[in-house]
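Given next, in structure tokens, is a single chain: the form predicted on its own.
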Amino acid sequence: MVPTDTATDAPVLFFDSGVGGLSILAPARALMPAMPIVYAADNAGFPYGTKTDAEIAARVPALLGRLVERYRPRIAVIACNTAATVALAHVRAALDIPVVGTVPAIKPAALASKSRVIGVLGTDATVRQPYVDRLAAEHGADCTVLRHGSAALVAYVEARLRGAPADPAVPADALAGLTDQPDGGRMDMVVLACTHFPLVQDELAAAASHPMTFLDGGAGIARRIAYLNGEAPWPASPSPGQAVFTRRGEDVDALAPALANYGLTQVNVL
């Protein structure tokens, strides 16, 4: 829990490899509108989904340690399924503040599925994790759990938010990676196991060959932040949010309008 004597302006730190964590930030800000925000994107290390587990496990705790030292947040949120499924335990061991991880919403998908076929759409790194195996075994033992990793969809979302050209076929191709598998035609729940993907959920739904429900963990993460904050005070009114990148470049400049839509009007480099 956050101590009640925490400084009012102590932010919540959201961390991702890119812009996907905005899908976690949005419901949190809606629930706690005065929450001070630092959104950190490791664009120098992007994408995480094609990296080895060892690379992620070494990089993420080190970066979060630097971010916590600089910004003194009250809570850190790993707003990236890949980073959380690989490095959450390492980060919690390294930091002395509450750390919230974003993990695939397999439990609610299994609870809601009528057909007992659910899909997990994420990055290559996330869908291969033993953590996902454990979630599927614990919560979906009577389900067929299909998995597909799509680096192309991650890049598509990043391009869309920059206003850059993006192949409109990518969302349909990513979803076909699930529906073309055996039993994919019966799949009624799709877990969006990459925080980038809720940002294009409407496009995924439009590409669906039959009715299906898309689930992500954003609302649950928001409730968890509120719970961990407890009675610690928020500011009386919202303040401009900060976006922090690990590399400055034209891609960062192009993201400024999209970031402003999420209240992130200050852009810095770590």
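One rule holds for the numbers: they count along the sequence shown, beginning at 1. Only a predicted model underlies this, so the values are computations on that prediction, with no experimental measurement involved.
Omitted from view is the form predicted together with ligand DGL, to which the following refers.
Contact with ligand DGL in the predicted complex, defined as a heavy atom within 4.5 Å, holds for exactly one of 46, 245, 214, 234, namely 46.
Not displayed here, ligand DGL is approached by residue 80 to within 4.5 Å at the level of heavy atoms in the predicted complex. For the chain shown alone, residue 154 is a contact residue for ligand DGL in the predicted complex, at least one non-hydrogen atom being within 4.5 angstroms. From the list 27-35, 46-54, 63-71, 235-243, the contact stretch for ligand DGL in the predicted complex under a 4.5 Å heavy atom rule is 46-54. Although ligand DGL is not shown here, in the predicted complex the stretch 114-139 places heavy atoms of 123, 126 within 4.5 Å of it, in sequence order.
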